[in-house]
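Quick setup: one chain, the form predicted alone, written in structure tokens, and binding and motion questions come after.
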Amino acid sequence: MRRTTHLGILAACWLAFATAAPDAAAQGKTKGKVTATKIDAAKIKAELESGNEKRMLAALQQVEDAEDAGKAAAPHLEALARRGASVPVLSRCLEVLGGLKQPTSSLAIAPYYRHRVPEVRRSAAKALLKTGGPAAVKALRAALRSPDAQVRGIAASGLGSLNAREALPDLFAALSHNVGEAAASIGQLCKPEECEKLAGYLGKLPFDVVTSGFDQILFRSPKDMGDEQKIRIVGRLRELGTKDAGNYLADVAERWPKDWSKRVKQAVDAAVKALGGATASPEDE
């Protein structure tokens, strides 16, 4: 009788453990997940206001590590940007704000593209590409005239990705002042008459600069850019009649999506053949 009772107690203990174990594991997983995403915005605020560089940098790292949850601390990082800080803290703050991708942060970031320290102004320009919004576009348009070549390049290459069509006049002005990165953004944003204006730079600017814009035009979605404009670009390159033009179009032919316009592909193949480049393979005909 005593032995039976003892065995019953052992069985009950084993059953309780087996039932509880998965729950404990699940709780551990949940706890780990919360730890990875939860952030104490009030504590971050206090650390950023401490004036202690080491603590401030640690707080910024915590915000970055929190990923999406870090957005809760964005207002405190914006406040830090408005107050100012040491160069290491400020550069890191701008970088983390960029990673949070909050358009509301652009106003706090924008003034720093003019900062006296190259590291800070370049961090600001890169951050604005990620935060976006009207304030970012306005600052980046102005940054096209920065005395810092890297800032000009960052701004020029980023305005296309922000779909800032209003920046086209500034981008053309920058291209005329040898900011080569503007060509690709123009290619992303231009309408047919503006694309033709870009084509007018053939022979005036380095070939690879102009074709960085052509590449964007030729490989824009068929819904976004029609066949006629693409064929006109191919025609301009064919008229140029250079080996570089032939090599470039041969590369376009190789990259051309199989389900895209056959008319454009035929124009490219004909131009390649006329320029003495490689002809299209039979399966592409």
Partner chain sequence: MKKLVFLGISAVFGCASGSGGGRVFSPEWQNDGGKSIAAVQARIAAAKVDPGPGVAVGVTDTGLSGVLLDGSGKWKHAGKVDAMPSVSGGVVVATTGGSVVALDAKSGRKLWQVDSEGRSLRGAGDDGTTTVVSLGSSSGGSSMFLAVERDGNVSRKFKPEAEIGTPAIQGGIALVPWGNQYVSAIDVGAGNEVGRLLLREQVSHATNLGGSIYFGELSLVRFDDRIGQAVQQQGTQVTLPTRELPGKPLWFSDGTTVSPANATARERIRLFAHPNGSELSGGRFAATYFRIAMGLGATDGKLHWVTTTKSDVIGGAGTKGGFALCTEDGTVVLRDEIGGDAGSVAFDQPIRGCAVQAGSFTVARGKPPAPLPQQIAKAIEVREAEMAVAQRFLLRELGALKEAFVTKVLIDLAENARTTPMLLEDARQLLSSRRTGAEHMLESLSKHYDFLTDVLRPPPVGPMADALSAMNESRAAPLLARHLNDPANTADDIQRAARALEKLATSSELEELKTFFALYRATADQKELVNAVLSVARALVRIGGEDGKRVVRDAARDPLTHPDIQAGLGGLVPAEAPPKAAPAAKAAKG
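Fair warning: this is a prediction, and the values are worked out from it, not measured in the lab. Numbering follows the first chain given and starts at 1.
There is another form of this protein, the form predicted in complex with its partner chain, and it is not shown here; the text below is about that form.
Residue 170, heavy atom within 4.5 angstroms of its partner chain in the predicted bound form: Taking the distances in the predicted bound form, the answer for residue 170 is yes, it comes within 4.5 Å of its partner chain.
Answer yes if any heavy atom of residue 86 is within 4.5 Å of a heavy atom of its partner chain in the predicted bound form; otherwise answer no. Yes - in the predicted bound form, heavy atoms of residue 86 and its partner chain come within 4.5 Å of each other.
Contact test in the predicted bound form: residue 191 vs its partner chain, heavy atoms, 4.5 Å: No, residue 191 stays farther than 4.5 Å from its partner chain in the predicted bound form.
Using 4.5 Å between non-hydrogen atoms, is residue 56 touching its partner chain in the predicted bound form? Yes, residue 56 is a contact residue.
Segment that reaches its partner chain in the predicted bound form - one of 191 to 199, 68 to 76, 206 to 214, 87 to 95, heavy atoms within 4.5 Å: Selected range: 87 to 95.
Though its partner chain is not shown, can you say which of 100, 136, 179, 186 has a heavy atom within 4.5 Å of it in the predicted bound form? Spelling it out, the residue with a heavy atom inside the cut-off is 179.
Please pick, from 241, 235, 222, 51, the one residue with any non-hydrogen atom lying within 4.5 angstroms of its partner chain in the predicted bound form. Answer to the contact question: 51.
Which residues, if any, of 129 to 165 lie within 4.5 Å of its partner chain in the predicted bound form when only heavy atoms count? Read in sequence order, the residues that approach its partner chain (within 4.5 Å, in the predicted bound form) are 144, 145, 146, 147, 152.
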